Each structure stands twice: as structure tokens, then as C-alpha cells.
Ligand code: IPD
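The chain below stands alone and is given in C-alpha cells; this is the form predicted alone.
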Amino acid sequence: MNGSAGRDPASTLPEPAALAELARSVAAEAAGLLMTRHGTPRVVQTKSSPTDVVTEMDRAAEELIRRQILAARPGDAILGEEGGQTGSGAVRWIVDPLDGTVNYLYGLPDWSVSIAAEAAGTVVAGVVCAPLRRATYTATLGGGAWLESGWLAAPQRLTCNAGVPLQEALVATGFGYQASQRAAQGAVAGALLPRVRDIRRNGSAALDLCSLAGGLVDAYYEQGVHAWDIAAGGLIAREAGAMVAGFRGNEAAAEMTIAASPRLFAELHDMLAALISSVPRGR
């Protein structure tokens, strides 16, 4: 009799901690590469609009990440922002090699390397490395969210802010690249602004979610994000106690991603749904 008969395939998957450790190591190496050209990269392509840029370093960092992950785990699949999906293994890595490219291009500090590991369709490990913050954010499914920082003597467990009403919430958001989309998003942000403490736009969805996890902001929302933008940061925020989802119980996705503690999530969800329905869509 075959000894593997009847074995649950999920039981053969690697431990989330091992995947997180690989992600942490590879993200740090990619961040080191990116630091060699911070503020000086060459734009090699635009994507959805002239403001949606790709630098040579986006590509170089993703090539490094793919190479190092596949050297350690040659059977895995990888979904990267620049290279798309390759492979079909039970573990899929979801990679944004440089989240916050425009910040990076201008020499601003809020950019990061984001790597998540998805097993059996669920994100089980995530790492966001922000070298100019001297910060690495890490989470494993059920294992909490953690910050390792050059400013801290030991890793710090992250917990999102709770009990904050909408009118006192500091809310992070981001904008797309198409002019018509930006006009509609700007109208929503303008209508939301009088109803909250303030709004922040830092230019990196991954770091916005990590900021939420660490209590630096109270909530986050954005339209137009992709899996690579939110896979790692979304797990980090969830493991810090936040709810991360889209509209009407849907998963967080391009249509809408909202993240906050559960009570604030509900308030922000309903407010955004009302505001967006009242804003004409750009053509």
C-alpha cells in the first residue's frame, strides 16, 4: 500500500514561518540592490499612463527575487508585478519588487519590497521591507504581525488602533494613474476629508497597510490596487487585528480595498459606498 494514500495535501505544505524567513532574506537582498540606485534610476517604460512608470531597478529587483526564491524552492509559482505569473506550484509567491516607484524615483523614503507566500489559495506569510524606514514588517497566518526596526532593541508585535470613531480617524489612501480615475478618486477624498481627522497619501499601498498595523494611521482605503500591492501588507494588517476586505463582503481587490479595526471598517465602508455612488465615473 502506498504510504502517502489518503494524506491531506495541505499537510505537506511548508510551515508559514519557513516561508516568511525566506521572504525576509530575499526582500532584504532586493532592498540592498535597490538602495544602490535610490533617487537615480532610469525610467524604462510607462504602463497605464505617462505617470505610471517602471524603472530599470523594478525589473532588476524582481529578477533577483525570482532567482533567489526559485533557487530555494524550484517548484513554486511566482506572480510578480513586472513579470506576471510563472509556474504552477502549490506555493505561489506574490511579489511587488518596488512598491512606491515614484517615491523611489524622486529619492523619497516611502518605498518597499513586498513578498507574500500563498499556500492552497491562502496568504500564509508576508514581508514588507522598507530600508529607509529601517523597518521590516512580517506576519504569518495565526502568528501575529511584527516589526523589526533599527530603532528597536527587539521585534515589536503590532496591533492596529481600535475604538477610533470615523470623525477622529487618520485615513491613508492612494490614487490611480489614469487622469479620469484620479479625478473621481480626488472627489471622493475631498468629500471624505471633512468627515475624518485627516487624510494621508504616502504612495505605497504596502506601507500604508503596515502603518495601519502599527497604529501610525487608523484606516486605509484605495481603489485600483493589485494582488502584489496588498498581499503581504494585507496579511500584516489582519494579523494586527484589522479587517481587510472590499465592498459588501467581497475580498479586497481593485474595485475597493478597505482596512481598519472592525467597527471603524464598517463606518468607513458605508461612508465610501455612499460617496462613490454619488461621484460621476470618469470616461
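In this text, residue numbers run from 1 along the sequence as written. All values derive from a computational prediction rather than experimental measurement.
The protein also exists as the form predicted in complex with the named molecule; that form is not presented, and the subsequent description refers to it.
- Looking at residue 203, you'd find a heavy atom of it within 4.5 angstroms of the named molecule in the predicted complex.
- Using a 4.5 angstroms limit between non-hydrogen atoms, residue 80 is distant from the named molecule in the predicted complex.
- At the 4.5 Å threshold, heavy atoms of residue 174 reach the named molecule in the predicted complex.
- In the predicted complex, the named molecule sits beyond 4.5 Å of every heavy atom of residue 161.
- Residue in contact with the named molecule in the predicted complex (any heavy atom within 4.5 Å), chosen from 98, 129, 94, 145: 98.
- In plain terms, the part of the chain that comes close to the named molecule in the predicted complex, with a heavy atom within 4.5 Å, is 203-211 out of 134-142, 120-128, 163-171, 203-211.
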